[in-house]
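Here we start with a single chain on its own, the form predicted alone, put down as structure tokens.
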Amino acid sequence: MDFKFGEKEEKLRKEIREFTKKELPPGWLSSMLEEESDDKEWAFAMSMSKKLAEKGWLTMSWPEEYGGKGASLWEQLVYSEEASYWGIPGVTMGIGGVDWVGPSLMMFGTAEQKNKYLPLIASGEPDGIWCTAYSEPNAGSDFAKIRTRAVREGDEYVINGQKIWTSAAHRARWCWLAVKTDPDAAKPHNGISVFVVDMKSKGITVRPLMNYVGLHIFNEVFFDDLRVPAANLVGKENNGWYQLMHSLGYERGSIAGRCYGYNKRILDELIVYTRGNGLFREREIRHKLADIAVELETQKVLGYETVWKMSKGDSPVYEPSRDKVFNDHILERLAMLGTEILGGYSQIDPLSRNCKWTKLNGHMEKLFWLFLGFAFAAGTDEVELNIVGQFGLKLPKSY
């Protein structure tokens, strides 16, 4: 198998690297999700998102009619790898607009929904920012047990309930919301629907949830007699479970290039650090770095396989879950090894960037506190492994 990219992809890679040299500050090293917490960084991310849109990169693999360039999935992969490696802010436009809301709307949305929302996402403007509201206090991995309720009243739905761990809800203009429209369905999976909600609507309350590091990424969102036009229903009523499985596939599938690029950058930074202070001479350190390097190459090959299947028109079933779990494993390994290498420096407050003792922009401390949370995002590793076992290894269900 030939893993070389073509001339078009390599030209794009070069253009992105030149763009980063011009647009990003010297030595720029960005954390995942951090831009949502800080007003200054958010403003910078939005300015970069606009520039990415103007270059046609933000939604490059989308059809031209929706604001894309009709680029191949391989070009999209190169873009994701490079953007994540160099830490270009504003790549995903909040949480999900580019990666899964847009593709899901293309598949299930009405013509009016596509014409309204897709150009907003592709524009790179603040009005194209989305949050995704799935989890609830009593419904995480057991997603079918959500209780946020939508009741039809004429040309509207009245929504009541609560969501939790809603990333970017304090920044988003729109919400990709999962609700129960038939709580009495014979199977709980069959009573779920998806709505587009304007976050400026009356009846929405957003409360911050600070994470371990002190960053404001997550939120609680409360819906109190929120009225949503029936035209905002995405796809068919009570068909949300089927639709969301596709959305989650897009979300987990976006891992291929983005997470590999980020992980590779962190590993490279650790190697530079150990070379600079003599730690690289220690055999144990070299071996541990080499182990992760091998795992990263494995991650890349697995991700490429997923993209390859998609490029042939296939719909990967278990591969995105496999890729997601493997990435969580690598993040844990990077966090543990990084804190070991930095020693006491890894205990410096990661938000104290101006402190002379802060190393690698505080990345190792942040990653150490956050890697466990990534194992829950987009579905817990246990749920993902069940999917791999059932559809990849053809194992029977345990229940």
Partner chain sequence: MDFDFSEDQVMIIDSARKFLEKECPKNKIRELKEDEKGYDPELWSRMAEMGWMGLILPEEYEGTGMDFFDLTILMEEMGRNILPAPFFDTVALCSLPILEYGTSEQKKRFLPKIACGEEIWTLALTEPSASYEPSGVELRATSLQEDYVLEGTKLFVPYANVADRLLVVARTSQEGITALIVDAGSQGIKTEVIPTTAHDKQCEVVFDKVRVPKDNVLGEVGKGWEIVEFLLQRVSVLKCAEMLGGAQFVLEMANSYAKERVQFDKPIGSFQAIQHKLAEVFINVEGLRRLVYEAAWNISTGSPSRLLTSMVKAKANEVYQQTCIQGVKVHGAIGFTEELDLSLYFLRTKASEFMLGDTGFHRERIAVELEDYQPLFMSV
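Given the structure is predicted, the values throughout are model-derived calculations rather than measurements. Residue numbers count along the first chain shown, from 1.
What comes next is about the form predicted in complex with its partner chain, which is not displayed.
Contact check at 4.5 Å (heavy atoms) against its partner chain in the predicted bound form: all three of Glu297, Val388 and Pro396 pass. Remark: of stretches 269-277, 235-243, 126-134, 215-223, the one touching its partner chain in the predicted bound form is 269-277 (heavy atom within 4.5 Å). A heavy atom within 4.5 Å of its partner chain in the predicted bound form is found for exactly one of Tyr117, Trp86, Trp165, Trp174: Trp86. In summary, among the residues Met210, Ala111, Ala186, Ala290, the only one with a non-hydrogen atom within 4.5 Å of its partner chain in the predicted bound form is Ala290.
Although the partner is absent here, Ala144 lies well away from its partner chain in the predicted bound form, with no heavy atom inside 4.5 Å. Among residues of the shown chain, Lys264 is one whose heavy atoms approach its partner chain to within 4.5 Å in the predicted bound form. Contact check for Phe195: no non-hydrogen atom falls within 4.5 Å of its partner chain in the predicted bound form.
Residue contact check for Tyr157: none of its heavy atoms lie within 4.5 Å of its partner chain in the predicted bound form. Scanning 319-348 for heavy atoms within 4.5 Å of its partner chain in the predicted bound form gives Arg322, Val325, Phe326, His329 in sequence order.
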